[in-house]
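Coming up, as structure tokens: structure 1 and structure 2, two forms of one and the same protein chain.
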Structure 1
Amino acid sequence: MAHYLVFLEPRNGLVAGVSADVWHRVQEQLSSGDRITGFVAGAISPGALDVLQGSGTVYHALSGSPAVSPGTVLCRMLSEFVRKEGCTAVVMAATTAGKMLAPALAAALPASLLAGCTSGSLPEKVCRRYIHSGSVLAAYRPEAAIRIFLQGREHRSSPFRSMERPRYVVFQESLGPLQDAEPLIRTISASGSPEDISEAGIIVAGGRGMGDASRFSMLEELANLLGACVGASRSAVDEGWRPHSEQIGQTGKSVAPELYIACGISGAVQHLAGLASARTIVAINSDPYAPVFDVADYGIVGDVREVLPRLTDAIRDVLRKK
């Protein structure tokens, strides 16, 4: 029997949508006798956990504002909780916070860290993931008794539905010997969209074909019009045109938007791996043979610097008439 612990990441007082997706994905894979437990720490708004459906128990850890890195406290809380509850696997979203927390937790337990696994890996007790730019599906069998899965967001044919609701338990976390510890990590606030790109419903992304950093203002204008987030390919990030928090692909974030507009992005397999779950892809590229057109639902062949202003004006006219 497996006991899954799902880490629920708080964001702006709510449970991050990508974490809720992970919770429901695990619910769908439970076998008879399996258990599922949720864990969230810090301040959340009343009713924030109402988005969670299914069986199990969600524990909400309350703590003060200690003079210690929040990540250090959270890692200690989770490791103690896993040992106390006898969890056999920890599942968390592959967000920036998850990617920072998972390695530290794996070292503290210790546990096998399995990232980029397909959703079917949980009950099989193996990690199946694509390697060599997606050309090979490899299977890894962890050595440690406890496994940590990092999962990206996926589009689902139908949302998870259940009449059950998890039990909610609140407890006060004692920091013990960490109470007087010194901070280990500075908190860095990045400017840009307040919405995490991994949860965005619409993404307007740019690549090297944009030409330079200044031309990303065209993407920002279109994104503001659509209520979207701006994303970038690795080449654009490597050029220093956009922050790494906006990078999409194998070395960036996996996204699952309803609409993905790729502007000046050729479509390297590493980038396409990060948007495999996008529902609709629109590609704008001057090269008619660019690989991105192989996965796009709609394609526009042309210079993105000429197409984007016209596309933005056309969308503005449509929205103005509504």
Structure 2
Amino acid sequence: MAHYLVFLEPRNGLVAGVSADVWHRVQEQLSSGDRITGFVAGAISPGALDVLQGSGTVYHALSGSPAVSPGTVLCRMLSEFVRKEGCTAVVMAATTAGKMLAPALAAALPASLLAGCTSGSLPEKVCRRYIHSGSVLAAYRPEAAIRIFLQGREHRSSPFRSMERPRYVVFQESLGPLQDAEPLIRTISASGSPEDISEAGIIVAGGRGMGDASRFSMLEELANLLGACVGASRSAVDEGWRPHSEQIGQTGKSVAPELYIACGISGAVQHLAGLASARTIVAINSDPYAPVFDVADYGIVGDVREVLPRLTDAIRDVLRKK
């Protein structure tokens, strides 16, 4: 029997969408006798937990730093909680905060840290993850009794639905002296895209084929129209055209949008590694043999400087008529 602890990351007073996804994926994989517990720390709005469906209990630590401070309050709270409650696995979203917290927690417990696992890994108690840019699915068998799974976003075939709602409990354990509670990270708001690209439903991404930084204004215009985020290939980031927070791929972010529009992006395996969960891919490229067309659902062969303004106008017309 497994006891899963899902770390629910607060974001702008709500539970981050990626954390809610992780919670529901764990719910889907519970076997008879398994338990699920959620843990959220810091200020959240009333009703923020209403997005969570299914069984289990969610503990809310009202005190403690909402920012993730590896080795300090949150890590200590979680490690004590895991030991006391006898949790066998901790599952968290592979966000920036999750990636900082998980190794500190693994060292504190100690536990095996399994990063980048597919969701099917949980019941099998192994970590299945794609390696070599997505060409091989490897299975890792962890040694420690407690496992920490860091999961990226994945598409589900249908949304998780349950009549049950988790029980809400305020976590009131004494945390001991808090002198090491200084937050190690502070939140700064990035300019550019309105939300975290890893949670975006639509992404309009540009690569070296955009030509220069100023042409990304075409992508911003299209993104504004569609309520989308702007993304970038590593080449565009290396050129200094876009911030690293927008980079998609092996050394950037993994994304799972409903619609991904790749503009002037060749489709290198390292870029595609971040796109495994994208539902519909549209590619605009002047080279009809660009590898991106091998994975695209719809391809437009043409120059982004001509195609993008026409596409944006056409979408604007459609939206105006609605």
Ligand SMILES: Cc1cc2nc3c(=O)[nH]c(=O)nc-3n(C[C@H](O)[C@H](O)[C@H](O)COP(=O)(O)OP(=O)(O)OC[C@H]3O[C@@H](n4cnc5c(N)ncnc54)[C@H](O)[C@@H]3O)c2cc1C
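Under this definition, the rigid core comprises the largest set of C-alpha atoms superposing within 1.5 Å between the forms. Sequence positions of structure 1, starting at 1, serve as the residue numbers. These numbers were taken from a predicted model, which means no experiment stands behind them.
- Structures 1 and 2, same chain in two forms; the form predicted together with this ligand is found in structure 2.
- Comparing the forms between the two structures on their rigid core, the Cα displacement of Pro110 stays under 2 Å.
- Relative to the superposed core, Glu239 shifts its CA atom by 2 Å or more between the two structures.
- In a rigid-core overlay of the protein, Val307 has its C-alpha displaced by at least 2 Å between the two structures.
- For Asp317, the Cα shift between the two structures is 3.3 Å when the rigid core is held fixed in the overlay.
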